[in-house]
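Here you get one chain, nothing else, as structure tokens; it is the form predicted on its own.
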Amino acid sequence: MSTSKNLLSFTPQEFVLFLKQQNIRRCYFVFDLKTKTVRVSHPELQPLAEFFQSDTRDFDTHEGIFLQVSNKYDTLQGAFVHRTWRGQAAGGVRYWSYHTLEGYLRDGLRLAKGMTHKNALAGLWWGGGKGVMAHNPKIEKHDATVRAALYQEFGEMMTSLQGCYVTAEDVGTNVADMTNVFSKTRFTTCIPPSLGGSGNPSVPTARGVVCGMKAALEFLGEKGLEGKTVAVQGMGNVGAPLIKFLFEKKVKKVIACDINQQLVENLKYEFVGKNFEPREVPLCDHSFFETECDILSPCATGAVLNPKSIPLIKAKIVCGAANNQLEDPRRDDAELFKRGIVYVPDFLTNRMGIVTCANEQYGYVNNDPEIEQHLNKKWTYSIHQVTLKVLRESKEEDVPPSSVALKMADKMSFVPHPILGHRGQKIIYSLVVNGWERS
């Protein structure tokens, strides 16, 4: 039998092959509240259950981790459910490349946990979850036929999970993909407007990041964004509209980077006449963190704030849209705090995507007050007010801001749904009893 270390070092495709050799298409890892142990669907996967059980960084008694191998294109698909006290787990499905199974699992764990904190701090009656699909390098991921099959199978997986997790759009997934998901399940949001959904949530997310930046500046006793220089890492779905909003706020200059040459060229022409400096950078390049600026805004992938990048930062504020920016939340949050850099926790300021799409079933009104209140300065749970509260408590208690925000979010995340209670956990236990792995 393979050891945990061996399985974790597998590439996702090697793990897919291993599962197929064991005649396993679906498997689960479920945390048993009574025994405080991780239950696994197949004895061959017990080493992974032991990995979850022993991990103290990313595994946080996640209620359920559900994996399947797609019938077409041998793609590893997963649903990571962290906590469902406030309601069904909600969060997007990421389609990304991973070097190892451990990287894939850790990303899913961290992303799901981040959604718990994000939804709780936003005051939403949703729990935290995330979908993750590992790109099979043997297939062309931009092929519309391939994508349709993969996302339809992911939609079927959502239906099989009976509503404990509701999916949405995330990195690597677009509105067309969500149409394919929706064709096979009702447990999804970010559906295209033509089908009654709210569509791409990237623009509202960018608006929320601007609110976080303005709150951080107010905390430092500064008036606003006018005249400031902002460095934006990532020029994609959120980064591009963020740059637009920053210029509308009359920033002095925007310096931005991306690994995608086409994106860099496109935005170069879009912002002609603006004080805009776009850069193409190689993957895993850390030089951008040395950029002289007032605010550094990570808007690409996670784990970018780490021992390699933090010593390079010259900004006084870090506030961006990327999920899980801190590679190790306790270590890296403390290091930023030690350096006197004001860090606005990502799960606090990038909430607007889930805020916009989470309540699609309730319908729409112009300038929806349920959405706009998150962006004003008055509402108790607005991005502005919660950011100020976190930063002020951080200063008063002399502890890093992410620690303060996590404490707040954790407390709120255990508040039971006012009508249905902890129903998500009951659904997960039902899946186990009903033999989900055999379905």
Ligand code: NAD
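Numbering starts at 1 and follows the sequence shown. It should be emphasised that the depicted structure is a prediction, and the values quoted were computed from it without experimental measurement.
As for the form predicted in complex with nicotinamide-adenine-dinucleotide (NAD), it is not shown, yet the points below apply to it.
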Complete contact of 171, 259 and 263 with nicotinamide-adenine-dinucleotide (NAD) in the predicted bound form (any heavy atom, 4.5 Å): yes
Heavy atom of residue 272 within 4.5 Å of nicotinamide-adenine-dinucleotide (NAD) in the predicted bound form: no
Residue 189 within 4.5 Å of nicotinamide-adenine-dinucleotide (NAD) in the predicted bound form, heavy atoms: no
4.5 angstroms heavy atom contact with nicotinamide-adenine-dinucleotide (NAD) in the predicted bound form for residue 365: no
Contact label in the predicted bound form: residue 123 to nicotinamide-adenine-dinucleotide (NAD), heavy atom within 4.5 Å: no
Option touching nicotinamide-adenine-dinucleotide (NAD), based on a heavy atom within 4.5 Å in the predicted bound form, out of 201, 78, 87, 208: 201
Partner-contacting position among 281, 146, 334, 313 - heavy atom within 4.5 Å of nicotinamide-adenine-dinucleotide (NAD) in the predicted bound form: 281
Heavy atom contact within 4.5 Å of nicotinamide-adenine-dinucleotide (NAD) in the predicted bound form, the stretch among 102-110, 159-167, 336-344, 250-258: 250-258
Partner contacts for 222-260, taking nicotinamide-adenine-dinucleotide (NAD) in the predicted bound form and a 4.5 Å heavy atom cut-off: 233, 234, 235, 236, 237, 238, 239, 257, 258, 259, 260
